Structure formats: structure tokens, C-alpha cells
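What follows is a single chain, given as C-alpha cells, in the form predicted on its own.
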């Protein structure tokens, strides 16, 4: 199979030296890319700015902003079997970007934000590739994950609970719950992201083959 995997954060510029971003390290997405390669799949890794060595064998597409990631994904999914949206794409971006550095003043400063592109929602509803979304939540994890599974038209949603500071973002470990369209769910208990990635790739491939029967 040909995987397109997104990983890491995006950065939304405020001025030439500042940006909005998040705590995503890219470790989970990179682990999934490595696991897919080890399972003899072809991988295109669309990566935001991270401090990780690229997985050997992956085609790397480096991006910075949410718009750049949207364009890269739009291009890559034209020829893929599985899209894994593991990146932490910014939900909002500045309405405008200052051309010069904004100077500090002794007064309040307001920054107008507008919604960034929702890459999952922008995908065609009729398609011939399997879509896996990720939901990083701090509360009501199952409720939010199932809602995203439906509203974002995914085939599978992988949720992780960020209320535990020892796993998830920036950590080498994770614990996730997989939600499928048929209503089923499966937990993968706390383990290294490498182990979780291998389990996810197996689960994704098994489900993708059922959905994409005509291609295999």
C-alpha cells in the first residue's frame, strides 16, 4: 500500500520572528511512517517543523504552515491508498501577518485570528483511499473522537487523552483508542510510540483492505 502520513506541528506567522504553534513533537507520526516502511509499504511523510531524523525510505515533504500542509496533502492523496492525518495542524491563524517585527509596548495587544483550513473536511467525500484522523483531547475523549469521526468523514479515528502529561505530546510513550465507522472501538494501552505505531499500521491495513476491496 501507499501511505501518506502527516506529522508534527504547523506554524502560523504573526510577524517575521513570531508564530503560533503547538507542542506536537512529530514522534507519533514519524513512528507510524517507520512502522509502515518496515511492513514494506510505500510512505510519503508530510512533515511540519520537527527535530527528528527522517525515517529511512520515506519520501519527505517539508512544510511549515497549515496552508502548505493542505497543499501538500492535496497533491499527495491523488495517488495513495491510505492517508494518516497525525499532524497537529493549527486550528487558527492570524488574520494578517505584520511585515516588520511588532514592537513591545506598555499596553494591551490583541491578535485577530481566523480559522485555518480543515484538511480532513476538505477531502472529497467520494474517494478511493482510506482516511485515518487523530483526535488529541483533554476531556470527553470518546465523545469528541466519535464526533470528529463523523463530521470529518474519516474511516477511522485514533484518540489520545492529553490529560495525562506523561504520554502523548512530546513523550516517547502513548496510549490510544481506535474508533471505527461501524461503531467498534479498541484500546491500545500505554506503550512506546514505536509499539503503538506497529499496532496501528496492522489495524489500518486490515480495515483499509475491507473498504478498498476493489483496489486489492
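This structure is a prediction, so every number in the text was calculated from the model and none was measured. Numbering follows the first chain given and starts at 1.
The same protein also has a form predicted together with a small molecule, omitted here; what follows describes it.
Heavy atoms within 4.5 Å of the small molecule in the model of the complex map, among the stretches 175-183, 147-155, 56-64, 39-47, onto 147-155 alone.
The three marked residues, 18, 20 and 98, fail to reach the small molecule in the model of the complex, with no heavy atom of any inside 4.5 Å. With a 4.5 Å cutoff on heavy atoms, residue 117 counts as touching the small molecule in the model of the complex. With a 4.5 Å cutoff on heavy atoms, residue 89 counts as touching the small molecule in the model of the complex.
Contact annotation for residue 76: none of its heavy atoms lies within 4.5 Å of the small molecule in the model of the complex.
Put simply, residue 135 is close to the small molecule in the model of the complex: some heavy atom of it is within 4.5 Å.
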